[in-house]
Structures are given as structure tokens and as C-alpha cells.
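Below you'll find only one chain, the form predicted on its own, shown as C-alpha cells.
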């Protein structure tokens, strides 16, 4: 059958669009790596401070990214500690126990939270501190814990969606086999279903870690500052890689500082790519196991 001219034109535009996206991504990544890789090394992380003194906190690091790396690490750890159980629990409940009406209501709430701009979440945390100052805690201030709590709300939909999708992807035959073996619903959930979907849930957790490490707008209002040094505790200020990139790119004084910003961007890009590849690998492994897809 002869294809019409509009169809061929649409096919050409679709092909052009499909080629445009990877070209833009590769150009962006290539430029960041081209500018950032040459400055990668010990000096980028520790500056003029001896590495061992910087790692053990015996000397401050004023011209390196080590405090931002440590701050990002603790920010991500706290975020996942706050978000992992509620997010996975919400996804499991939606997949296994919720009624159709509850699925509609809770699913809509999760979707609305997923679509919430990160800047709004940061403003929410900042306004919460102002409210606490006027009511119960006059000395309340932005801090690492507040930033992690706001980021936990931001990544919770990712965890809920991944857990729900993983639970719903389990074949019905596994549930029937559990029922035929005399397992109760809770026993089947804890001893069969959750171990079976562990890789899928872990893939969603890795994506959530990447989102928490990359976001800047939330922490901008909730405790991140420049030159804070290593985090002093849950209620102290902190540095983060994403904020350092923003700060250096807007406040750099010479070419060396600009190159340090490119180095920070390249470092964060490599961490993000590693997390994304890990999540995709876990998701592919899960799908191959339960759906027979590559």
C-alpha cells in the first residue's frame, strides 16, 4: 500500500525528534566532561588541605569540594532514612490492600505530590521554621534535618510508585501458590512477595537517591550555605554539591573558580549516571525475572 505524503512527513519529523534528544544529552554531557575532567583530582576535593586532615576533620577545606561531598552524603542518608519506609509502605498498601476508591484517592495524592515543584517544597520547609519560631521553638532554624525532611517528601512518590509497580508486576501464580501452600496474606507478603520484588524496590530507591543528591531548590531554603565546612550535626548548616555548582557559577571571581564549578558539575554528573545505570540494571533484572523481558 502506497504511503501518503503527510505520513512520510510525520515519520521524518518523528525520526528527527528522536535524534534530537540524544544529541542534546550527549552534547551537554560531553561539554561538562570536557571542561570538568581536566580538573579532576586531589586538589579539586581537598584544595591545599592535606587529604588525611580533611577527611578526619582536623583542618578545614576552603577551596575544595570535600565538605560538599560529605554534606551531600549525609543529606541523602537522612533523606532515605525518612522516606524509605513510608514510601515503600504506601506503594505496598496501594498494590495489595487498598480498595478501588482508596487507590483512586491515595494514587491522586501521590501523583499531586510527585508533580509538586521542588521550589515549593523548599518554601514549605522555610515557612514551617517561621511557624515554629512563633509558636513552640523560638530558636528554630534551617538545618540539615529540615532539608532532609523536605527532600523526603519530594522523593516519597518515586518510592511509592516503584514499590506499587513492582508489587503489581508479580505474577498471580505466585500468590495462588502461596495460598495453596497455606500461607496467610501477611506471611505471603513478608516471605514471598517482598523478597520477590526487592530488586524493583531497590531500583526505585536508587532513583530516589539520585533525585535527593541533585536537587538544589529545596535545600536552598532549608539550610545549605557556602563554606559551612563539614556538617556539625542534624541541626547545623551544611554544604552540598548541587548548591556549590550554583554558587560557584554565579559568584566565581577567576578562571580557576569557574573550572572548579565545572569539576563539581562533572562529579555530580558521573554520580547521577552511575545511580541511573544501577537503577536501570536492577529494574531490567527484575523484569527479566518476573516478566521474561530483557
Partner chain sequence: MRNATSVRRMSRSGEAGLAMLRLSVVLAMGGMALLFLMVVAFALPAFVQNGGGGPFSWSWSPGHGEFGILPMMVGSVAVGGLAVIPGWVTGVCLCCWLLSPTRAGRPGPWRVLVAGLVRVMTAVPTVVYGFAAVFLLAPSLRMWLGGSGFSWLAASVMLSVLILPTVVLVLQAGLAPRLEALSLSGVALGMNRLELLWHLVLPASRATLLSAAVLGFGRAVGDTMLPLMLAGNAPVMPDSLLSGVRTLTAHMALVTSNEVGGQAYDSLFMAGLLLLVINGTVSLVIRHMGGRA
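Numbering follows the first chain given and starts at 1. Everything numeric here is computed off the predicted structure, so don't read it as measured data. Throughout, rigid core stands for the largest set of C-alpha atoms superposing within 1.5 Å between the two forms.
Beyond the structure shown, there is the form predicted in complex with its partner chain, which is absent from this document and is the topic of what follows.
Contact with its partner chain in the model of the complex, defined as any heavy atom within 4.5 Å, is confined among 262-270, 228-236, 47-55, 63-71 to 262-270. Heavy atoms of residue 187 reach within 4.5 Å of its partner chain in the model of the complex, making it an interface residue. In the model of the complex, its partner chain sits beyond 4.5 Å of every heavy atom of residue 77. Residue contact check for residue 145: none of its heavy atoms lie within 4.5 Å of its partner chain in the model of the complex. The closest non-hydrogen atom of residue 18 lies within 4.5 Å of its partner chain in the model of the complex.
Contacts between 79-94 and its partner chain, taken as any heavy atom within 4.5 Å in the model of the complex, involve 85, 86, 89, 90, 92, 93.
Once both forms are overlaid on the rigid core, the distance between the two CA positions of residue 277 between this form and the one not shown is under 2 angstroms.
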